[in-house]
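Only one chain comes next, encoded as C-alpha cells, the form predicted on its own.
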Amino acid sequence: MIIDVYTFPGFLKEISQDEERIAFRREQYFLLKQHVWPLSLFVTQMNAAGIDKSIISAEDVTTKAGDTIVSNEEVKLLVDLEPDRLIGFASVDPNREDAIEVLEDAFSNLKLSGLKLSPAMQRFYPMDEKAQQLYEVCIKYNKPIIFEAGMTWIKDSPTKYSNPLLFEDVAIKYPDLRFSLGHFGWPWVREVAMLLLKYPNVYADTALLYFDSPKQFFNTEFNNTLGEFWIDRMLYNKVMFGSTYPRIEQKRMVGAVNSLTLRDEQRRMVMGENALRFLGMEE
C-alpha cells in the first residue's frame, strides 16, 4: 500500500468550471501557468507511480483573500467520484468567526478524514487560541491534522508562523492529537527530526523539493543534513510519503524515496503503513 499524503486537487476539471475561480487558484497557489486536467488523468498518474491512495486537501484563506482556494465541498465531490483512491482533508481558516461550525460540518456531514492547516498562508501561530479550538474538534472526532510547516512557495505567507519549533507546544498540550509537519519543515529538517523522536503524536512527510532534482535534494537533506540511516533506524515509523503534486510528478518523488537507504519493512512503513496509522485506518 502506497499513500501520498500531500497533494493539491485545485486544477482538476471536475471542480474547475469557473474561469475566475481557476485564475484565483493560480494566483493563490503561485502556479500561474498551471493547466486544468481531468480527475481520470490524476488517477492514471497515480497508477503510473504505483500509488494506491492520495490525500487531497482543501485550502481556506477566506479572511486573507476572500474565498477558499478549494472548498471542503469540492474535496467531498472529488472523493465521491473516486472513493477508493482519494482521501479528503478539510481546511478551515482559524480566523473565521464560524471556524468551529465549518469544521464540525466537514467531519460530521461531509465525512472528511482530517484537517489541513497552513499557518503561514492563514496567518496564525500554532498555539493561537483560535487554532486550539480546532485542535479540540479534531480530538473529539479522532481526526489528524496536516500542517504546512517550514517554507511555503505561496506569496504573502510569512514563514515566521510555520517554524517547526512552534509546534512543540501543540505536541505537549495535545498528546492525543496526531499531526504531521508538511514538507519535513524544510529548511528545519533537524528540528523536525528532534520532534519526531521526542513526541509520539508528531509525524512528517517527504513533500519537500526546493533545489535540484528530487533524488539530489533528498540525498542532500536525508543523507547529508540528516544521517543516511536516521530514517531507517530511528524515524521509520514517523515519516510518510508525500509528493506536493502537481508541483512535482508523483512518480519522480516515489523514485527519490526509493533511492534512500531503507530496508524493505521500513520502506513499506514510510510509503504507506505510517499513513494508515496516522489516519486511524490501521487494522
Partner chain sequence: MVKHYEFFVMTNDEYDTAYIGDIVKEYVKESGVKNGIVSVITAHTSCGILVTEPLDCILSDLKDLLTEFIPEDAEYSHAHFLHTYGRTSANSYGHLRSIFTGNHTLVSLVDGSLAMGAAQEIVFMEFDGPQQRKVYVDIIGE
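Positions refer to the first chain, counted from 1. Everything quoted here is computed from the prediction, not taken from an experiment.
Just so it is clear, the following notes concern the form predicted together with the partner chain, a form of the same protein that is not shown.
Although the partner is absent here, Leu31 sits close enough that one of its heavy atoms falls within 4.5 Å of the partner chain in the predicted complex. With a 4.5 Å cutoff on heavy atoms, Ser213 counts as touching the partner chain in the predicted complex. Within 4.5 Å of any heavy atom of the partner chain in the predicted complex lies no heavy atom of Asp232. In the predicted complex, the partner chain stays beyond 4.5 Å of every heavy atom belonging to Asp67. Only one listed stretch (110-118, 79-87, 162-170, 205-213) carries heavy atoms within 4.5 Å of the partner chain in the predicted complex, and that stretch is 205-213. Along 248-278, residues Ile248, Glu249, Lys251, Arg252 each place a heavy atom within 4.5 Å of the partner chain in the predicted complex.
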